[in-house]
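Below you will find one chain, with nothing else, as C-alpha cells; this is the form predicted alone, and questions on how it binds or moves follow later.
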Amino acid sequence: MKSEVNTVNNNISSLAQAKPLASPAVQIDFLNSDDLIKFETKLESSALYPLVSSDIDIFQVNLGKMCNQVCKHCHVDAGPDRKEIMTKETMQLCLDALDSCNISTVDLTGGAPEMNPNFRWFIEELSQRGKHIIVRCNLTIILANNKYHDLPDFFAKHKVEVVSSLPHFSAKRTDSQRGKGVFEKSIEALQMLNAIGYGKADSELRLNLVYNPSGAFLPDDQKGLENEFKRRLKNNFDIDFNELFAITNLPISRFLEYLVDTEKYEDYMQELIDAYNPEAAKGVMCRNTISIGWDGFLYDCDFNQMLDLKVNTASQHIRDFNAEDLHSREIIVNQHCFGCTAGSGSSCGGTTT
C-alpha cells in the first residue's frame, strides 16, 4: 500500500525550526552525496547535455514565501512565519522587464501570492499590459480573512487563470498533506469560483487543479486522474474545473525531509532515475520559463530558485534583465531534475509529453 506523508501541524517552516535541510546548500550537498547515477549522465546518454533554453514564453514570479498554510510537501518551505516578500520596487522592475520583451504569460506564485500587499496592484498593471495572468492559489486563502473573500471577483475582472492545489478528492488524503480542515475550505472556495463562472464549459474563466502524490511515488496517468477528479468532485460537490495537472514531488525542502525521515530517499531517487524519459526531458519547463525570486534574482525554474541555483548568465537580477542573454542559455541542472523528467514528465503545467 502506498504510504502517505504524515501531517505534523507545527504551523512554522522548517527554516524556523532550524532543520538542517532548510538550507539550500545543505540540500544540494545531500543530493550529491550518494552513489546514484548523476542527472548529467542521463542527459548525455540522450544527447541533451548541456540542456539549453528555447525562447522564453513564461515569466514566473514568486511574490514571497509567506503563506497561510504549512504543507508537508512544500518545496518553498512557505508558511505564516516567512517574511520574504517581493517589494513594489522589484515588481516595477518586473514590469519594466516585461515591457522590454514580448513575453505574454505571467505566472504568479508564492507562498500564497495573494498575501503580498501589492498583489492587486501588480495584477492590475499586468492586466493593463494585456498579459495572460496565472495565479497559483491554494484556495484556503480566499476564506482566510475578510480581505480575501472578494478574490474570485477580482480574478474574474482581470480574467486571471486560477491554478489551485487539491491533492485529492477526499478530505483524508488532502488534509494529510496540507493540514486539518484544508479540504473543506478548498471545496468551499472552489464552489465560490464556480459560482462566478470559473471552470464552466461555456466560460472563458479557467480553473485548473494541481495534484501532487501524497507519498514517495510517481503520480498516476494525468488524464485518468483528471477524469476521476472531475467525476468525484461533480458528483459529491457539484464542482467543475477545466484541467488537472499532475506534478511529481521533487526531492527538495520539506519533501526531502520526509524522504530522509522515513528512510525512503534512496528508493524514491532510484524510482525517478529508472523512470527517466528523454522525451520528458526535452519538454521541461525550464526551457521556456524564467523564474524570478522574491528578491529579484533570476532562475531557470521555481525549483532551482529554492536551491539558490541562479541562471548561468552574466546578469542574474531582474534589474539587468536582457531577454537575448537568457535565450539559449545553459540550464543549471542537478539531481532534483530527475523529478521533472520521470515518466510523462512534470512541470507547473503538468506532464511534458
Partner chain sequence: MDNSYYDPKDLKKFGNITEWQPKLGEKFFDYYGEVFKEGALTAREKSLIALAVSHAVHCPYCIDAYTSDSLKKGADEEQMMEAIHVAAAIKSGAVLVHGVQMMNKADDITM
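Residue numbers count along the first chain shown, from 1. The structure presented is a predicted model; accordingly, all values stated were derived computationally and were not measured.
Same protein, other form: the form predicted in complex with the partner chain, not shown, and the subject of what follows.
Although the partner is absent here, E271 sits close enough that one of its heavy atoms falls within 4.5 Å of the partner chain in the model of the complex. Contact annotation for R232: at least one heavy atom lies within 4.5 Å of the partner chain in the model of the complex.
In the model of the complex, none of the heavy atoms of F237 sits within 4.5 Å of a heavy atom of the partner chain. The shortest heavy atom separation between K147 and the partner chain in the model of the complex exceeds 4.5 Å. Among E228, E188, D96, E84, the residue placing a heavy atom within 4.5 Å of the partner chain in the model of the complex is E228. Here is the short version: of Y265, F119, F241, Y211, the single residue with a heavy atom within 4.5 Å of the partner chain in the model of the complex is Y211. Note that among 251-259, 215-223, 76-84, 276-284, the stretch whose heavy atoms approach the partner chain to within 4.5 Å in the model of the complex is 215-223.
Heavy atoms closer than or equal to 4.5 Å to the partner chain in the model of the complex belong, across 140-173, to the residues H168, F169, S170, K172, R173, ordered by sequence position.
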